[in-house]
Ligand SMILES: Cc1cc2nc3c(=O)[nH]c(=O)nc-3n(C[C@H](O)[C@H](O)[C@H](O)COP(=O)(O)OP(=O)(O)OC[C@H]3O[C@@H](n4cnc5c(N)ncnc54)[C@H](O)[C@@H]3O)c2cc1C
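We begin with a single chain expressed as structure tokens, specifically the form predicted on its own.
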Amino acid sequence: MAKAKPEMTRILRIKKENPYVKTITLDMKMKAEPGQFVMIWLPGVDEKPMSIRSSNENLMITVEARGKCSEAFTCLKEGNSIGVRGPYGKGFSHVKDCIMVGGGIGMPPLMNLSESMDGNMRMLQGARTKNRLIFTDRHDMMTATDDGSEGHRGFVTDLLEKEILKKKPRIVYTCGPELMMVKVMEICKRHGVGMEASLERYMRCGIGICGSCVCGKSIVCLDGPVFTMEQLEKNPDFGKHALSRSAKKLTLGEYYGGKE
């Protein structure tokens, strides 16, 4: 059962994934499903939801510096203490013979899921440039960059379409920029392939009380963050709107442009 109060734990290791992203290994054990998240508390700064990179041994989270709070997390050192509560939410199903499509900080939960797939999967990652890619030490990962500095020049969804045409998977798992996931859903629907997507929304409580992460009629922290294609097709806000910190309904462009 997830704990309601943060448990303080020590940072064991920090790995730099690229100039903007770090993976933090904590002195904590936790049973969690791939796709679930934890609330991470930095005393004196804020509390923030983060996807679980791994929980096979010690709990691992991956953080991108893109705002005041997350920048503070990336400045932490080994030996520092932070608070953790969770895990929360619903994770991915576990269907082998799948394709995983990730973008940016959406990669960690997919990497977590991939650890239990025994190689019976294909992993695709998209980024703006080469120095925005993460987990590139995974040799079987296919990449796409907007500027062509690494892998396919163009969108990662271009790779997805090619891979589906080569061999149709049983399911596609995706996490990353929401407009990317909308395109993934369109491709999956066109080819008759199931899909699950992990959504990101601003969260305060992580347990379905505050309502700050409402998306359509769904509470992302409680009903998700992983949703099926059938659920997303019925959600009027997916790919269109999100709530700000003050509960104002914004377009996705406004939401991501003004976060934190």
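Just so we're clear, the structure is a prediction, and the values are computed from it rather than from any experiment. From 1 onward, residues are counted along the sequence shown.
Quick note: we don't show the form predicted together with this ligand, though the next part is all about it.
**Message:** At 4.5 Å between heavy atoms, is Cys215 in contact with this ligand in the predicted complex?
**Reply:** Contact with this ligand, no.
**Request:** Determine whether any heavy atom of Lys68 comes within 4.5 Å of a heavy atom of this ligand in the predicted complex, and answer yes or no.
**Result:** Yes, Lys68 is a contact residue.
**Prompt:** Should Pro34 be counted as a contact of this ligand in the predicted complex, where contact means heavy atoms within 4.5 Å?
**Reply:** Contact with this ligand, no.
**Message:** I'd like to know whether Ile105 contacts this ligand in the predicted complex, with contact meaning heavy atoms within 4.5 angstroms.
**Reply:** Yes, contact at 4.5 Å.
**Message:** Give me the residue from Leu26, Leu199, Val193, Met30 that has a heavy atom within 4.5 Å of this ligand in the predicted complex.
**Reply:** Residue within 4.5 Å of the partner: Leu199.
**Message:** Within 4.5 Å of this ligand in the predicted complex, counting any non-hydrogen atom, which residues from 46-81 show up?
**Reply:** The stretch 46-81, when checked against this ligand in the predicted complex, contributes Glu47, Lys48, Pro49, Met50, Ser51, Thr62, Val63, Glu64, Arg66, Gly67, Lys68, Cys69, Ser70, Glu71 at the 4.5 Å heavy-atom cut-off.
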